[in-house]
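Presented below, as structure tokens, is a lone chain in the form predicted alone.
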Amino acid sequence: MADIVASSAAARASGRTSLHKVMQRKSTIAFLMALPLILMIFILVAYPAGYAIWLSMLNKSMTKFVGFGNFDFLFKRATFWEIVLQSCIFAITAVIFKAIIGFVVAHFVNNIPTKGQRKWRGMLLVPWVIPAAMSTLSWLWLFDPSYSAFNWIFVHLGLPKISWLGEAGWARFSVILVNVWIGAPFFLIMYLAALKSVPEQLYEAASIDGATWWQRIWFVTLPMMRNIIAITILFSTIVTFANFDIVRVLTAGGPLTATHVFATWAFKVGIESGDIPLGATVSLFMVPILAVAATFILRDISKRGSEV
């Protein structure tokens, strides 16, 4: 009897020791701490994504399984490929301009004395902090065909009025302009933080070697900021591709379908036209495009990390 009790106590002690060892592992602790976030991501992202995939395989009345019929239907429509092209042009152009403007302005702000940087950072972040729909309404007034502030200035300068939202080319330009105005401060604050982390000794060494301003930017600043630049561009590309409020408020996809992107056209097809499965199908086409972009960017980051 004593041997049985002793062996039972030893087993419990061994179990507690094993559990203690497991809990001491950093990977286990990290997983347990991240578990609430993992569950939240599953509830808010994985489940809706899975449900969207299921919806895309149903007919318009959602009573019959049609497989890839909705995809085949979209592939045969010229309007769909127009939306794909417009979405890519909109996202790529807006991200490039946001990255360039953010990089340039971040350097100007970084060169301002520390005491004066706070107010400049606060003022330059205003476009990004204000809700996009609200600021887009202000831009809508600026582009108004009858009372446009821009056209008022053009008239006083002897220039012709521009139909900002009535012509396809100018409507696309207007949508990209508003997106750049709202999104550039995000690049600014990210790049400014990256610039603060670049050791000053590197610039001093480059100056001693006779490097010009442009050479210091190219051979010191950019290599030290490449990872931050890549992550910022990836995040902005995802957000820009999924943009809805700017296009919806400013042009509602018009004139005709000239400014529609994936999100607005999915809303028009799925909600306004009552074909929810087809709308879900449209929205799913963002996934492969963003997956390819994320793969290239993240692979480049991991490659540079392994080289370091």
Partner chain sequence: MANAAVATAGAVRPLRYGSISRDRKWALRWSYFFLTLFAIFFLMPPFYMLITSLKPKEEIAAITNPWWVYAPTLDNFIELLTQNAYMTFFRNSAIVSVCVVIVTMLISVIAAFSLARMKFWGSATLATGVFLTYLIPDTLLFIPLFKMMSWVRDTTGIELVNHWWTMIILYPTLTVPFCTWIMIGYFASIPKELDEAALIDGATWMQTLTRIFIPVALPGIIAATIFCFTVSWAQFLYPLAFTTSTTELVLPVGIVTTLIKGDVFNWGQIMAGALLGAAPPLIIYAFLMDYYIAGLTAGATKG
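Note that the coordinates shown come from a computational prediction; the quantities given were computed from them, not determined experimentally. Numbering follows the first chain given and starts at 1.
Separately, the form predicted together with the partner chain exists; it is not shown, and the next lines address it.
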> Considering L195, V220, L124, V84, which brings a non-hydrogen atom within 4.5 Å of the partner chain in the predicted complex?
Replying inline: L124
> Of the options L202, I92, I112, V155, which one has a non-hydrogen atom that comes within 4.5 Å of the partner chain in the predicted complex?
Replying inline: I112
> With the cut-off set at 4.5 Å between non-hydrogen atoms, does R172 touch the partner chain in the predicted complex?
Replying inline: no
>> Taking any heavy atom pair closer than or equal to 4.5 Å as contact, tell me whether S135 reaches the partner chain in the predicted complex.
In response: yes
>> Does any part of A52 reach within 4.5 Å of the partner chain in the predicted complex? Heavy atoms only, please.
In response: yes
>> Taking any heavy atom pair closer than or equal to 4.5 Å as contact, tell me whether P160 reaches the partner chain in the predicted complex.
In response: no
> So which residues in 230-261, when you check the partner chain in the predicted complex, have a heavy atom no farther than 4.5 Å from it?
Replying inline: I231, L234, F235, I238, A242, F244, D245, R248, V249
